[in-house]
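For reference, the chain that follows is the form predicted alone, supplied as structure tokens.
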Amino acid sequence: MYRYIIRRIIWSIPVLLLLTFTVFALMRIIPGGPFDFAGDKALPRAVTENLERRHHLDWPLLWQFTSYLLGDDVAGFICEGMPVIPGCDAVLQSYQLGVSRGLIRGDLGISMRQRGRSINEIVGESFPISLQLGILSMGLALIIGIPLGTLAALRQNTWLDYTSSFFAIIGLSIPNLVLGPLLIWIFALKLNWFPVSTWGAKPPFLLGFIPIPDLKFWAHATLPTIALGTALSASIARLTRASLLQVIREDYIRTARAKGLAENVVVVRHALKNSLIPVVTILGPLTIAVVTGSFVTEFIFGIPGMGKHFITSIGNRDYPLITGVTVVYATLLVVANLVVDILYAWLDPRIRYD
């Protein structure tokens, strides 16, 4: 298992590099630049050129990526040693400005639109909030989805089964883009039970991401968590029901009942554990759904998380912020898939990756 984990981590490195380069290149290919406008007014050409030179946007694309990945000093060191390499003339003129220490050293760069702020600082402030929302949404999905799917399977073709299936279909059919404003309109504007927007906890957090769970925090977190977690709980409920229906018809379940084991022991110890294997398998894609869904949910509820920064940075062409947030999310997804594989092997002892 340890060899498998190490092998997966090593394989994830080229995946992250390819993803980073793709986002890095695409953002520079798209027409328009980060310094074309200041508000509604176009900047003078001389000012734009100075800003682009400071952030190395006048370098060839591969040298820009080298600077982003390894740092300005490494790019300058290479060009000083081999100045005949194409593009080195531009590098040697401005690498001393030193705006990048390199992703490999944990530096995500400097924001091009938020003056004086580094991407590490922006991510450090917003990531714990996105993580809190993601954990709450995934927790809500598991707490609702697994019991609902289990009850539907154990009471197949009863009113309980039909009711849970109905709500699962409703949950899957309504995207959070629609559910979010609907929740705000009903529970915030009409009933005045919850606040309309913002987040109820601010740094510093315990262990970097755990907020104080006071009434203000739960009041602000309830509606975004429901908007993001409802569709996930519906998916988990449907998959749990289908998997458990298949498992409880297996021979070993009939054997367990024939031996006189109590029904709750048969269901919980023998049937439910094996039926959760498909559920665990889709936790990786569900994590992706949480990540992509949080972009919209954070924007709708005005939550100062990474999703909100990601959306606004696309409009502002803030290249380092877009690439930095993408790298952080991609790393999270790689870790999530690795955790899923480990849980998969734990639930089914026949699965070994030695």
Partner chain sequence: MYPRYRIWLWFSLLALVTLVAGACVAPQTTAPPAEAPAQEAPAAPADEEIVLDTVFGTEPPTLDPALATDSQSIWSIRQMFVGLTGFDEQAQVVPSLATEWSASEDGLVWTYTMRDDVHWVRLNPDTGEFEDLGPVTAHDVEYGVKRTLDPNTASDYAYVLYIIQGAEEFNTADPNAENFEELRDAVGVRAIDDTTVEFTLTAPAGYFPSITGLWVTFPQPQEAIEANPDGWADAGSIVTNGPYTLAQWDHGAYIRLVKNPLWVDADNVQIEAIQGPIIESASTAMAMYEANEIDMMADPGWPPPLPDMDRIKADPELSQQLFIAPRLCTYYYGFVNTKPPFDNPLVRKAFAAAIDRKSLINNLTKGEERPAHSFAPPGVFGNVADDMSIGGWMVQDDYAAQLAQAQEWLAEAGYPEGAGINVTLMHNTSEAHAQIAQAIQAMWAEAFPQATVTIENQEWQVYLKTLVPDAPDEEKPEIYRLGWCADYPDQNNWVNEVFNSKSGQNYAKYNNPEFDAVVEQAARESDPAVRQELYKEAERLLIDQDTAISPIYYYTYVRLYKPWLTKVVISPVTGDPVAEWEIDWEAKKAARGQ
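Because the structure is a prediction, the values reported are computed rather than measured. Residue numbers count along the first chain shown, from 1.
Although not depicted, the form predicted together with the partner chain is the subject of the following passage.
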Is it true that D36, R117 and E125, all three, sit within 4.5 Å of the partner chain in the predicted bound form, judged by heavy atoms? yes
Interface check vs the partner chain in the predicted bound form: of R254, R101, R155, K216, the one with a heavy atom inside 4.5 Å is K216
Quick one: of I169, I85, V268, L245, which gets a non-hydrogen atom within 4.5 angstroms of the partner chain in the predicted bound form? V268
In the predicted bound form, does G139 have a heavy atom within 4.5 Å of the partner chain? yes
Taking heavy atoms and a 4.5 Å cut-off, does G109 contact the partner chain in the predicted bound form? no
Contact with the partner chain in the predicted bound form for R238, defined as at least one heavy atom pair within 4.5 Å: yes or no? no
I'd like to know whether V196 contacts the partner chain in the predicted bound form, with contact meaning heavy atoms within 4.5 angstroms. yes
If contact means a heavy atom within 4.5 Å, which one of 230 to 238, 67 to 75, 197 to 205, 101 to 109 is the stretch that engages the partner chain in the predicted bound form? 197 to 205
Using the arrangement in the predicted bound form, list in sequence order the residues of 140 to 155 with any heavy atom within 4.5 angstroms of the partner chain. L142, I143, I146
